[in-house]
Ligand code: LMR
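What follows is a single chain, given as structure tokens, in the form predicted on its own.
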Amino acid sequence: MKKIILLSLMVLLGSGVAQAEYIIKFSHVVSWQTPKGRAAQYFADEVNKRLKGKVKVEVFPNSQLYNDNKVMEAMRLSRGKTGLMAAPSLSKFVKFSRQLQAFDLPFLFHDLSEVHTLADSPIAAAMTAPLERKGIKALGFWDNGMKVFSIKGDRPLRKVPDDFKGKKFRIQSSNVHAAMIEALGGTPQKLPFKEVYTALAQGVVDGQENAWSNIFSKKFHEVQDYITVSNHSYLGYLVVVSADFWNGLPAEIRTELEAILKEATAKNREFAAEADQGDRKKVETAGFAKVVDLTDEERAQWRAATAGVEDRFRDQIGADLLKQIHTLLGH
């Protein structure tokens, strides 16, 4: 009888400990080898080590838990001591804040340092503020890298619109991206990330745009003939969490999590910089797709062809906001 009582007491105590522990389920759609995947794991490892017994982070890569569309709906509905965290691409948040479409504009950023100038500014914080009214708390911006184009065909993408005509390109769910593809002469096709390889392999689409880490980790280069180093726009993510969960955390735990996330963001930028060079080299070494660099003249033609995209979305993003961004970036 004593053993039964002792066992019951142990179960109750164990249950109490479990109930007192905050759980964060970090869901993302890419490989753990990518800059986002590695940064998410770094965040989890550091939280689990430094906040042991208080907060536990579990990472679910490759859409194992949710895709980027479903995770945000689940996030808005989550309650209690288990919170959802994710880092969907910035284009996924346009329905909550049209201002974030600025990050999708072609040739807005010369390089990642300019992206960081905006992402770390009060302007970016104001752009993400509307999300909280929808139950989503923005915590920071993470890099993947500048995007390049790939294509299956008899020639690379160099001349616009000639090389884009009659070709279908997979894009993220972004109207800005769709307008850019149309401006270049191609046909946009919105598809979930997990369907991209199959769509390329089966010829559902002819090409796609992505950062080097995604191209290599998902083997897109194995079913494409050419990759054009266009660096035409930014592929980044917004780290978000259930607002009710986050606001319900004790202040001291929130402060510790924010500090660790800041470290993870710095790591993410390191990982993205490594991938930009390292994964490109791996793709070139693999020998499936030929990598082609645009000349200055060709890049100027691409920039001129897509210049109207910003004008088209000026009212949605906000003319004053775009002016602030251009002033901040110095161009």
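For every residue, the number given is its place in the sequence shown, counted from 1. Keep in mind it's a predicted model, so treat the numbers as computed, not measured.
Omitted from view is the form predicted together with the ligand, to which the following refers.
The candidate spot formed by 89, 92 and 170 lies fully in contact with the ligand in the model of the complex, as each residue has a heavy atom within 4.5 Å of it.
Interface residue among 230, 97, 174, 214, judged by heavy atoms within 4.5 Å of the ligand in the model of the complex: 214.
30 is the sole member of 289, 47, 59, 30 with a non-hydrogen atom lying within 4.5 angstroms of the ligand in the model of the complex. The closest heavy atom approach of residue 128 to the ligand in the model of the complex falls outside 4.5 Å. Contact between residue 237 and the ligand in the model of the complex is found at the 4.5 Å heavy atom cutoff. Contact between residue 101 and the ligand in the model of the complex is not found at the 4.5 Å heavy atom cutoff.
Residue contact check for residue 193: one or more of its heavy atoms lie within 4.5 Å of the ligand in the model of the complex.
Residues of just one listed stretch (295-303, 258-266, 50-58, 30-38) have heavy atoms within 4.5 Å of the ligand in the model of the complex: 30-38.
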